[in-house]
Structures are given as C-alpha cells and as structure tokens.
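Quick setup: the structure tokens below cover two forms of a single protein chain, split into structure 1 and structure 2.
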Structure 1
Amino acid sequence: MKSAPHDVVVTGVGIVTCQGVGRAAHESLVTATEAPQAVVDNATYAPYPIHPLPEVDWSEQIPRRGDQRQMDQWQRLGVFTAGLALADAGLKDDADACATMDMIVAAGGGERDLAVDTLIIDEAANHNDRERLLNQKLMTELRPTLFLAQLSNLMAGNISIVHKVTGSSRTFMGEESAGISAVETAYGRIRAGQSTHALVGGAHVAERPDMHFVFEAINALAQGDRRSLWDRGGQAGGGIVLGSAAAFLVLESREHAEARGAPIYAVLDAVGGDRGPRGDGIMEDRLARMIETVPEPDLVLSGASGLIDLSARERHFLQKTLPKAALRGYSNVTGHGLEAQFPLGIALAALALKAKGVVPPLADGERKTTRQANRALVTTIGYVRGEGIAALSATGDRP
C-alpha cells in the first residue's frame, strides 16, 4: 500500500546578498514599510553595474584559516551561507543530524586564471591551428591546482569538510536550472519519504570578469547606471544586473521537524521545473501548466533576470494570470544570482510568510498592497533556458 506523501517544511534559512548577511538583514526587505534601497556598484566593472558582495567575516562559519585559503570566493560564499542555514535550523552542532543529512548544491564553475584566458584569446587571433595552441597553453601556463579549483562539486565537498554534512551529496550544474533542479530533487525525496532532512542551495559571485564575458557574449548585461528591474527597456545592453548572492535552505519532513521541536518558517507545497522552446507563447503555456496546480497566491516573488524582452513577457504573464497577487521582483534589490536565484526567492518567501507582514514594492512600477501574505509563489526563468516555480504557504494556511 502506497504511503501518503510527507509535508515538506522550511526550518532553516541562510542568505547573503548585497543587502547584508543573514536572516535579519533580509527579513527587513520583506517587512519594511517602504521599498528598500538597492546597493549598486556602477563603477568597478563599468560599463556593467553589479550588486556587490557585502562585507563578510568568513571566520564566523569557516573558522580554520587553512580552509578559507584553499577555497576561492565562490566556494567560501557557499560554505559560509550553508553554515548560516544549519545554524538557523539548530542543526549545526547536531553531529547525528548532519551525518544523515542529504546535501544538494546548485553550482557553476570556480576560479579561473584571467591572465591565461587573455593570453589564449590574444594569441589565437594570429594562429591557424587554435586547438594545438590551446593544448600547449593549458599544459604550460596553468597551475595544476587550478583544475581542482574549477570543479563544481568542490562546494559540496567543502561543506562536508567544514560543517560535517556527510549524508548523500548531489551537485547540479546548469545556471538557473541547476537551482530549480536542486530544490525540486530535495522536495521530491522528502515528500516521497526517501529523505527526512536536506540542505539545498547555491551561490554566485558577480565580481568575476570571466562571468561578465560569458553574459556579454549574447549581449545580456545592462550597461551604464543601473535602472530599476522593470524599466530597462531604454537602457543600453541586455538588461541583466548580476548580484553576488547565496541562499541555502534546510528542508525537512514535518514529522522530522516536529519531533525535534524545530520552528517552521513555511510549508513548501509544490516545486516544478521545465524547459523547452520559448517562441509563440510556448513558455507562457508551460508556466500556466505549472501554476494551475497550486493555490492562488497572495504574493508572487519573481526572480526575473532583467533580460529585457524575457522579463517583460514574465511580468505580463504573471499580472494577467494572477491579477490579485502582489508582484515583487526581488532581483531589483539583490541582483541576478544565477544558480542561487531560485533558492534565494524561496528563502525570501519563507521569511515573508513567517513574518506575516505586507511585502513592500521591491521595484518601480509595482503596486502597493495592504494584503498579508499567507501563500506565495516564487518564479525563476533562466536567461537562456529553464523555468521553475515554487509554492509556499504559512504554517497555519495549508491548501
């Protein structure tokens, strides 16, 4: 006889964005009476604005200097934020719980040697046999340890080392879709009874010129002084403003959380992801199919990347499909966090539902509301491919 599915609840939130470090800094985003101020650096990587990493005391979650030194900034950010989530859930010092905890990480690539990258590009312009040139430079110019630093699963490995999370481990790659798949997998395993508790999330560092190069290859980045999320149509460039951000969640079955007396932020009612062609309204049809299976939300937290045409399509669809919900584009105040974007939206939704407050407009053009959020929908649409939604409800407001 098939057992009933298990409720999946959020019991731990670790979050770092340009707005600050930890839960308290971000609770104020979703409970303030006025729209928060964006933290933007328009100068350092001009013409591309970014939302920079805040000042972080890494030793608070990564006490050993040796551990800090052997990670690049992207790994440090993820390991630090995972520690925040574990501490917030009351599990950081629970050796037994960490030893049996599933870990699912959304990751990109790590450190690169920009000098070598530049050398290869410059010399390739004057070479006919570029494959031979590339192999020669890789063998003679790169230090061997750099290959290890670039491995996407090193973040999960370092979380295991630093925080002793040693249950099963999975790492997803694939930009925004990686974050969607990571959360969807954790949710599915707990709901099916294959897991009782999981650590899931990702991190992204915007202060990386190599990442700017990747985005700008398709003219995706906004140029010039940063404009509000829904108002970038007349701005030079593609519209995306990258943000240094990380978000990790502790998800548990309700039974597991209640057995240990853990406070619950919100119930994760549904998670869905898909991908495919986007022309002729096909993307909107996919989103509609995912959304029609969840209760109507009071709050929609859109992870719109800022890519001009795509974000305009998402906004139009959400306003048409969910006209009563308060639409809030959170990347306006955090920047676009790539692999971390979907977990970040869920973290903010969980904080908003727990606070039982009214979320202020986060970007220009968003209407104010006096309606308390009891149900939230989080969306993330990848700037190239992949779409995801998550539905959450306050603990006393189940569908």
Structure 2
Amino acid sequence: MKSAPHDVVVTGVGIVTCQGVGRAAHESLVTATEAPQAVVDNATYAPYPIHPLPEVDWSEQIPRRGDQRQMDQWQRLGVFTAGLALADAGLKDDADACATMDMIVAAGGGERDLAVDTLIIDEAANHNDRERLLNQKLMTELRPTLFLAQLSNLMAGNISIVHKVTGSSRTFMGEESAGISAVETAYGRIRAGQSTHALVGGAHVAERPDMHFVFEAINALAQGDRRSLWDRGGQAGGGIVLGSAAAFLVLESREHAEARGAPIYAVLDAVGGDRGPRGDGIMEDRLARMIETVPEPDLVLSGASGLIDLSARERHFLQKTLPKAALRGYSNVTGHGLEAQFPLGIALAALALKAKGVVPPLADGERKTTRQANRALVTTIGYVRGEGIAALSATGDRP
C-alpha cells in the first residue's frame, strides 16, 4: 500500500537569537542590504566572547509564572520559541492540532546550580571525606525542582504542559547531531505518511560556564574579542563563539497545510545526516555524497561552528562544490547554537525563501550577490562529529 511520498512544508517559524525575538527581526536579517551588526558580549565570560540572549518577555509565550519558575533559562528559551512557532503557524489556539501534533526536541542538558557546585568544591577543599560531604550537601542544597530543570526531556515536557502539544514527545540528544536527527526524523515520518504535522527544534544558552566547561575540554572556544567567523585562524583558542539561540519549526505535509489554508514558507526537499572519520578528505566525500542529488542552490546557509580547521575545510568545500551559490555563515551573526544549530539554519532559510531575499554577506569575506534566494542548502557540521544538510526551495524541488 505504499503511496507516493508527501511533500514536507515549513508552515511555522519560531526563532530567537541575539539579533532579536521572533520572525520579523530575522526576516530583516536575511533581506537587509548590509551585514547586520554583531551583538557580542566580549566581557562577561572572558576570555570567551558570546552572543547573548536578547531581552525576552517570557510571559508572552509562558503566561503562568509558576511554569516559568519550574524551568531554568534553557528550558524557558525552548518553550518560549516553540510557542512562537505554533503561533506563527496559526496553531497556537488549535487544541485539536496540538493534541495530535508530533514533537521532536533536540536537547542538551539544563543549567546546573553554579552556586551549589561552587559551595561543594569549596567545602571539599578542606574535607577528608569528600563523598560523604557530597551526600550531605546535595541532600540539603539541591532544590528538587532543579533536577527537572536539568533533565533533557523536560524541555519537551514543558512544551506539552505550556502549549498542550501532546501527539507525541521525543527528545533527541547528541550535540549538533540531535538537531539534524530531529529534522531528519520528522521529515521522514511526514514524507512517509506516518505523521501529518510536527513541531521540531531546539534551544541553546551560551551564558553558561558549565557548558563552556564541555567545549573547553578540547579548547574549542575562541578567546579574546570576537572576530568574524572565517577569520579566527590567528586568534587564541579554538574558534567557536557560542550563541544563545533557539529555533522551532512547524513541519506539515503539503496536504495538511493546504487543507487548513496555512501559508507555506518553503518546501523541505531533502534532509540528510551522516557521520564517520573525517581525515584525508573523508568528511568532504561524505558531504559531497549528501548533496549530490540536491538541485544546485543559490543560497548556502552554513552552520559552521567556528572551530578553526573544520570551518575552513567546510568553507573550502562549499566554495569549490557550489561556486555559484552565495555562501553565508550564519553563526557569525547568531553564534554557534549546538543542538539548535541545524533547525536555526532551516528557519533562516525558510524566512529567506519566503521573502525572496537577497541575503547580504553575514561574515567578512563573503561575496555580495544580486540573486534572490529560490533554493537554499543548509549545512551543519558538528564540532566533534556528525554532519547534516537540508535542501529547501520556495516552491518544491525534490531531487
């Protein structure tokens, strides 16, 4: 009974980056004539520059204060942005649609309580039985609800509670790959008719020393004042500038979207993910295989993390393989968003395609173009592992 595959369309975009809150702030980003101003905080987490969270009125999407208190910033940002996507798709108040909506969240972990962790290591300094001290301190200092704010699957759990999205709830993990797999899985299910509408996305908070700890274990973070994405080779550190950013997408089958008269941003024509060894051009071979069946794009939105060598390799590969396309490194204006990075690129692509935008250079060294975006390719190369691509078009152009 295998039926023809369904077109997968983007009908809702929720997006928050240092550039602002919501669709309008980012539409202007991809349709401006000049590269936008970088929003950077070089000082607070020095030596690490970061792209900070913009001012967000959480109550706009999380009306109950009690719900806000149950979360920390990472979960709040995800739940807020998911709400933006639902509202943008016109589904926020459609109880039936939300109750049957599938959800895949690309998640890391929530914030640790820095004060408690600091207290424990300080007291342990002069203590000869650290394990017992740890037990005592955790028993007395940990807030029970904080555990839930740290749990990976509780971003999705809170989206269910706040927005009543309950068709299904899946949380994918694994850094950038989580975001790639989330979109790939939702795409595959809708295409095969296993799902009609889905909420997919993730959030990332850059203002977290406990997360800097993860990246810094391999000295991956850029140090000193932030430089443009492709120009970090001579700078101290590894080149990654983290960004507080979130993106959620509402994906639907074309039939489902058309039946309810929903405006369509773009068609998701292909999504691919892979992994493996990266040396000796093997990564480039893999990328080439992933994009070989995709029609030539006029816009490439690269999610290059900034990691110096890897970003240079990606840029070289894309310039060589797709010489006519305008290459735009969006992490230069948003920062690296880890689990949210791939959905973020797709959100920006959808906005650019809908607006028929002539996307300005987003980083130094990028070539100006006069071409409107009709076909976009989004890339995300994990800073340690995993690569993903998505092809989108204004009207549908499946390979």
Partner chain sequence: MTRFTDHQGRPLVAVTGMGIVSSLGRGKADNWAALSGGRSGIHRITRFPTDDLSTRIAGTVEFIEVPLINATELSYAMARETTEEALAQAALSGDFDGPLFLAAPPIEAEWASRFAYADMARAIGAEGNAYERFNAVLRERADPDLHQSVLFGTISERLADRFVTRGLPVTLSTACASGATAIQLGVEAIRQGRTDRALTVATDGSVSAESLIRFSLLSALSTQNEPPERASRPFTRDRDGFVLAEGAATLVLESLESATARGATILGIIAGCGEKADHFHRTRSSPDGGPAIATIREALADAGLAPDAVGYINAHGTSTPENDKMEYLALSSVFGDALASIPVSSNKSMIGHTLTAAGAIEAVFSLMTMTSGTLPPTINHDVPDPAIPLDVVPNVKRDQTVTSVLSNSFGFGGQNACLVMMAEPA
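Note that the structure is a prediction, hence the values are computed from the model and not measured. All residue numbers here refer to structure 1's sequence, counted from 1. For the two forms, the rigid core is made up of the largest set of C-alpha atoms that agree within 1.5 Å on superposition.
- Comparing the two isolated chains, structure 1 is the one taken from the form predicted alone; structure 2 is not.
- Residue 322 is not among the residues whose C-alpha shifts by 2 Å or more between structure 1 and structure 2 once the rigid core is aligned; its shift stays under 2 Å.
- Residue 133 shows a C-alpha shift of 2 Å or greater between structure 1 and structure 2 [criterion: core-superposed Cα displacement of 2 Å].
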